[in-house]
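Only one chain is given next, in C-alpha cells, and it is the form predicted alone.
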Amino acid sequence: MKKAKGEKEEKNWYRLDLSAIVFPTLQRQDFSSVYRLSALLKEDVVPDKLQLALDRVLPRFPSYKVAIRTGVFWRYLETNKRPGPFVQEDIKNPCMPMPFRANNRYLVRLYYYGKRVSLEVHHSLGDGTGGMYLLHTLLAEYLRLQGHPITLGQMVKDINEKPDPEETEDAYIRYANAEVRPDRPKEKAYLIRGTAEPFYTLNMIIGILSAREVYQVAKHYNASVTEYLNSVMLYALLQKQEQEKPKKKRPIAIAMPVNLRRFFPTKSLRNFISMVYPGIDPRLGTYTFEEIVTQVHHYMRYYINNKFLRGDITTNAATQQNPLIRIIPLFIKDRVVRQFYKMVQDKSSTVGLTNMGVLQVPENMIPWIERFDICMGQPFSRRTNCSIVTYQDQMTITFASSIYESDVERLFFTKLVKDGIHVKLESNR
C-alpha cells in the first residue's frame, strides 16, 4: 500500500496465523517445517522459462512473497522485495531446513530435475492447499510460456487480477466462536523405534497406485478411501509394535490434518487445517483389520464435522487471544512451546498422515501433466510421515522418514498388495 506523496512507502505485513505460530519456534537444524509439492510433466523442464513463470506468478500470492521477522512479543511476515527466489536444480534430500536469513529471506524454494517441478514451502506461510494453488498457477504460466494455451479455473489463479483480501486472512479467527473447548489427546502413543540417519538425510519411498483399484477395495470394506488408508496404516503400525515385543503396549494414533475449507467457507491460502487422531488401543485386545476399519470409519464420522472442528479452532485460538500470553516476551513463549511440543504434542501420535484428495486442473492442462506428489518434511522425532494425493487415476503415497528402517512402509504396502492393489515403488535411497 502506498502512502501520500512525500511519505515513505510502507511494507505490507501479516500476522502469523494460528497454525503458523508454532513452526518457527520448533525450527532447528535437524527439523524443518517444510513440505514439498511436485508435478511430473510430460516434457523436460526448461529452467529459464520456469524462472520467468515464477517471477510473474509469485507477486499474485502476497502472503508467499514474504520474509519472516521477529518482534518482541510475536513473529510476523513482511513483504519481501529482494531478488528471487531463484530456480535451482533438484537435490537428493528434499525438505531440508529453511534458515530464515538464507535464500534472500524467501520461505519458498523451486527445484527442477528432468520432467519434474518441485515447490517447497515453509509451513509458516500456508498449508498444502495454499501451496498447491501456487504450484498450479505456476505450472499454468510455465506451460503458457511454452506455447500451450491454459485457461483459468480449478486451482489456477489469474496472475493479472488483484489478490482477494480474503486470500491472506487468518480464517481461524473468524470461526473461533464455539462455546466449549474440546480436550487435546493426553496419553502417550506408541513411538516407532529406529536408527537415526546421518544429519540432513530424508528417506523417501513413493508408492504409485491406481486410484480406481484403491476405491474398489475401500468400497469392499464399506469405507471411504481415506478411512481405508488410515486403517492400513494402523494395521501396519500394530504389526510393527507386536514385532518389537514391548514390555508395555501403547495406543497407536495417527495425526491427520483436516482441510477446514470443506466446512467453513474461506478463500484463505494460508494455514487452515485442524488435526484429528484416529487410532486403536491394542491393550484392549486383538484387532482384526475389519475391526480397525470399523473403528476408523465411526471415528471419522463422529469427529469430522463442523461442530467438533469449530470447537477445536476455538481451543487453538484461546491461547493466542489470552491477554496475559500476549504480553509475555517471545523468547519465553518459545521455550514453553518447545517444551510442550516435546513432552506432549509430539508424543500424542505415532505417525502423520495427510490425504490431499483428488486434484483437478483445467482441461487443456491435463495433457501436459503426468502426476502430482506430496512430501511432508522431516519428522520432529524418529518416525515416518505419509502423504497421499490423487491425479486422474494415479494415486501417489509418499513416506518420508529420518530413520534407516523401513518396516512400516513395507508392512503398509504389503497389506495393499494382499488386498489386490498393484503398487509400483520408487525411492531416493
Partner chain sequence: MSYCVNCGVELDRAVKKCPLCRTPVINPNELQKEKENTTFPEKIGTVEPVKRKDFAILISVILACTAVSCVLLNYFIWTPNKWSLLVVGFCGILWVASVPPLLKENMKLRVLTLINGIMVCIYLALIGMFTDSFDWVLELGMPIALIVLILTEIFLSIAKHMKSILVRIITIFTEIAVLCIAIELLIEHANLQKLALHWSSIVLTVCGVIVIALITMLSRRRMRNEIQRRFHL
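Numbering follows the first chain given and starts at 1. Note that the structure is a prediction, hence the values are computed from the model and not measured.
Not on display, but discussed next: the form predicted in complex with its partner chain.
Colleague: Using a 4.5 Å heavy atom cut-off, which of 137 to 145, 96 to 104, 223 to 231, 158 to 166 contacts its partner chain in the predicted bound form?
Modeller: That would be stretch 96 to 104.
Colleague: Is there a heavy atom of Tyr299 no more than 4.5 Å from a heavy atom of its partner chain in the predicted bound form?
Modeller: Although its partner chain is absent here, Tyr299 would stay clear of it in the predicted bound form, with no heavy atoms inside 4.5 Å.
Colleague: Would Met204 count as a contact of its partner chain in the predicted bound form, using a 4.5 angstroms cut-off between non-hydrogen atoms?
Modeller: Output for Met204 is yes: heavy atoms within 4.5 Å of its partner chain.
Colleague: With heavy atoms only and a cut-off of 4.5 Å, decide whether Thr25 touches its partner chain in the predicted bound form.
Modeller: The answer is no: Thr25 has no heavy atom within 4.5 Å of its partner chain.
Colleague: Although its partner chain is absent from this view, report whether Met343 comes within 4.5 Å of it in the predicted bound form, heavy atoms only.
Modeller: Although its partner chain is absent here, Met343 would touch it in the predicted bound form, with heavy atoms inside 4.5 Å.
Colleague: Tell me whether Leu260, Gln360 and Glu370, taken together, all sit within 4.5 Å of its partner chain in the predicted bound form, counting heavy atoms only.
Modeller: No, none of the three is in contact.
Colleague: Since exactly one of Glu89, Glu187, Glu290, Glu244 fits, which has a heavy atom within 4.5 Å of its partner chain in the predicted bound form?
Modeller: Contact check passes for Glu89.
Colleague: Of these, Tyr277, Tyr215, Tyr175, Tyr200, which has a heavy atom no more than 4.5 Å from its partner chain in the predicted bound form?
Modeller: Going through each option in turn, the one that passes is Tyr200.
Colleague: Taking only heavy atoms into account, state which residues of 406 to 429 are within 4.5 Å of its partner chain in the predicted bound form, ordered by sequence.
Modeller: In sequence order, Ser406, Glu409, Arg410, Phe413, Thr414, Val417, His422, Val423, Lys424, Leu425, Glu426, Ser427, Asn428, Arg429 come within 4.5 Å of the partner.
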